[in-house]
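Below you will find one chain, with nothing else, as structure tokens; this is the form predicted on its own, and questions on how it binds or moves follow later.
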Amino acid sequence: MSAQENKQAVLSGGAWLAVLLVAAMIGAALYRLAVGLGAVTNLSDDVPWGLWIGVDVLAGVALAAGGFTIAAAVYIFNMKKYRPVARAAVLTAFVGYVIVSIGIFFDIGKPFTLWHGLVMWQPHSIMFEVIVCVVIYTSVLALEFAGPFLEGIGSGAAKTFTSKKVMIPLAIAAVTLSFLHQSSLGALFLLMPSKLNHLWWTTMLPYNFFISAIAAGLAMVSIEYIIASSVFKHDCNFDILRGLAKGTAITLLLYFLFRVGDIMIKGNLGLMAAAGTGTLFIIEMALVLAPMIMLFFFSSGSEKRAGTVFISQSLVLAGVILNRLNILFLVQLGEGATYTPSFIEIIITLGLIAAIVLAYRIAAVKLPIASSVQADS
């Protein structure tokens, strides 16, 4: 742990706002469990999945993809310059997946039956595959995070969990499991070709979900690195930021080519003329192209302003979140169907986001998250 982080108070400044939001979320969650899903949400038979699944689950899983992406870069491809952000990326992913599980718990009608999927197997169900992969991947993240945790509490076992013999197999498992469940979340929507607009519905959906998740993960790592550098007063390595920017830009380019090329090949480009869905599609593509161009320029130059990459990567996150919300309900609303998140839905979502921020801060202050300790050979 750096000296700057060691001097930081666990709760100070904006952290207290996060505490208040988490407290409000706990109150709202208890109310939701007491009165049921229908009484606290604006969900319906027409819109069975809303803000919680859209932001807390689909977008949350995508934004946590930096964990497997950076772990693969550092431990599989030996890109040592990204080692300083590896632990932070794994921490964000681990906390993110725990929060995703909590979000699912709130969203299902009978939350206390959530464990049924682990013992009542349905091997022909896409949701079963998602559940199993998420549970196993969360366990892998816990093992990846065990190193800095044990190091922080002074355990001699930390050396074992930070060795290459442990980290390389875990990184390989993380990539495999992430590909399976990130793509399966997209495959889930293949079941509704008559409901989902064909600017989004395509047999390429599983791959679109996986590729966009990589972009979102790299963007999230960049943003958290910039914020942590500012909050904990340590130097911001622009070589790392430029590398992350280039990786994000290349991923966005691949995503754009796959997405638009697929639409053109299948003759669906004319659907862009529709007033509502066409506008959403254009906005979504603008949130791919604009940050992609900005990030290419940043990665190829010598600019040392973190604000530029922060804005660009924030646009990437906005684009991925919009994509998930579009697929989930915005372009699925049938004639006469409407959906506006309820106050309880908003409070619980804000509380879950605040919980991620709070957990990250506690870990960053108490554990050697910013450490660039080399893995043993």
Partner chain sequence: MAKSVLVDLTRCIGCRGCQVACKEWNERDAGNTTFKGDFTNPAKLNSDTYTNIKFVETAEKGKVGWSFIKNQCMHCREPACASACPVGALTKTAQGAVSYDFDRCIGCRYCMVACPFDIPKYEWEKTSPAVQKCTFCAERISDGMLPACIKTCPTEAMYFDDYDKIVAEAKMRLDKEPDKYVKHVYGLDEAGGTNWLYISDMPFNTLGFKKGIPNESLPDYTWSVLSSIPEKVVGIVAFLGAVAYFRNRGSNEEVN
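Everything quoted here is computed from the prediction, not taken from an experiment. Numbering follows the first chain given and starts at 1.
One more form of this protein exists, namely the form predicted together with the partner chain; it is left out here, but the text below deals with it.
Here the chain stands alone, but in the model of the complex its contact with the partner chain, taken as any heavy atom within 4.5 Å, falls in 173 to 181 among 228 to 236, 173 to 181, 283 to 291, 241 to 249. Though the partner is left out of this view, Ser212 does not reach within 4.5 Å of the partner chain in the model of the complex, counting heavy atoms only. For the chain shown alone, Gly278 is not a contact residue for the partner chain in the model of the complex, no non-hydrogen atom being within 4.5 angstroms.
Taking the partner from elsewhere, Ile168 is found to have a heavy atom lying within 4.5 Å of the partner chain in the model of the complex.
At least one heavy atom of His116 is located within 4.5 Å of the partner chain in the model of the complex. Screening Leu257, Ile76, Ala157, Ile265 for any heavy atom within 4.5 Å of the partner chain in the model of the complex leaves a single hit, Ile76. Proximity to the partner chain in the model of the complex, defined as a heavy atom within 4.5 Å, singles out one entry of Ile26, Ile346, Ile311, Ala34, which is Ala34. Within 4.5 Å of the partner chain in the model of the complex, a heavy atom is found for every one of Ser44, Leu190 and Tyr207.
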